[in-house]
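Single chain ahead, written as structure tokens, the form predicted on its own.
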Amino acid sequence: MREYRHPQITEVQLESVLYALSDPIRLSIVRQLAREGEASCAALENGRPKSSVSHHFRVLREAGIIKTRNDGTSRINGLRDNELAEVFPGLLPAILAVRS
């Protein structure tokens, strides 16, 4: 399985984070990860087409919001909430606190 590129936390830009979280599907993925911790791609699909979900994971990963790692044949996703808090204190909790 291929390894994914994750931006260094110092490379993460606020505009990219806000853009990634502006999509309702991506925001729901982030909310689910915040509630449940790490989850496989399959657990986060929620009946959506695999190609669509893969796109959303890529946007979230490239924005620096999630990290994806391989675990056997599964891909496991997790929030980079502690790292994001270092560069954007309070941002993720504030966004997740807003009811959708």
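Please read these numbers as outputs of a predicted model, since none were measured by experiment. All residue numbers are counted from 1 along the displayed sequence.
Just so you know, the form predicted in complex with the DNA exists too; it's not on screen, but the next bit is about it.
At a distance of at most 4.5 angstroms from the DNA in the predicted complex, none of the three residues Arg35, Lys67 and Asn82 contributes a non-hydrogen atom.
Residue contact with the DNA in the predicted complex: Ile25 places a heavy atom within 4.5 Å of it. In the predicted complex, His55 approaches the DNA with a heavy atom inside 4.5 Å. Within 4.5 Å of some heavy atom of the DNA in the predicted complex lies at least one heavy atom of Tyr19. For Thr73, a non-hydrogen atom is located within 4.5 Å of the DNA in the predicted complex, even though that partner is not displayed.
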